[in-house]
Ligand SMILES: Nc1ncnc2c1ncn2[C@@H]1O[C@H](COP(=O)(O)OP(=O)(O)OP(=O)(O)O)[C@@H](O)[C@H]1O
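First, one chain by itself: the form predicted on its own, in structure tokens.
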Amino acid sequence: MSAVLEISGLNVQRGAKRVLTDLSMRLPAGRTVALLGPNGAGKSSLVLALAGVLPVASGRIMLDGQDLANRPCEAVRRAGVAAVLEGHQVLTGMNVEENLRVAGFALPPAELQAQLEEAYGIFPELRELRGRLAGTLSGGQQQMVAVAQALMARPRFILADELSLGLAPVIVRRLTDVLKALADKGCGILLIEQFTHVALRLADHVYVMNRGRVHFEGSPAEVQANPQVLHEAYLAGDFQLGRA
């Protein structure tokens, strides 16, 4: 039976503000789940809670019978859940290979080298740049490093938060092709994406959030057939379903 990352009744606060309220969703291995909604809906807060960065007030994050809620970040990564956080999160004062080695520090040396080679196999561009300081790379190159860092955890699930933010369409296509290939190999993908047409093209299932709650779940076809679902979640008034 395939693994499932099961989120149930999740409540999360940031300071005095409740950012997630009784939120439940499922992320099966080998499937891509798109999470849509306006800025401030709680999407990034969900990723941070799943990754162990934000504390969970109540609710469960279950994987293989283990509750990952409020576990340390590294324990979450060891369980097979890796996050690519919004904003090209790399160690700017280290070179590319150092970034990847730091991300894989928990692996035994032989496995670390094998995983490094796998990451370079997925992103051959990074092999050529491995001696460059990450802070000198373009935004697209930095995002490749961020995804490769997640791969160093040998993840069964990847949480990708605004992967395409600020990037050229050719880089967006490059990164989303990588995510699709990973899903085809059995990795579960949670995709938060500003370009709704990109998310719907990749997704097997869709959740729409607003104000910390899930307001809709269904197939990409159902969302495309009923764009009012997204309007009602307070997306921009000029929202349109785009084409890939």
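Residue numbers run from 1 along the displayed sequence. Small disclaimer: the values here were computed from a predicted structure and weren't measured.
Quick note: we don't show the form predicted together with the ligand, though the next part is all about it.
Put simply, Glu162 is close to the ligand in the predicted bound form: some heavy atom of it is within 4.5 Å. Heavy atoms of Arg14 reach within 4.5 Å of the ligand in the predicted bound form, making it an interface residue. In the predicted bound form, at least one heavy atom of Gly42 sits within 4.5 Å of a heavy atom of the ligand.
Taking non-hydrogen atoms only, Met25 never approaches the ligand to within 4.5 angstroms in the predicted bound form.
For the three residues Val19, Pro38 and Glu86, a heavy atom within 4.5 Å of the ligand turns up in the predicted bound form in every case. Proximity to the ligand in the predicted bound form, taken as heavy atoms within 4.5 Å, picks out 43 to 51 from the listed stretches 58 to 66, 179 to 187, 43 to 51, 213 to 221.
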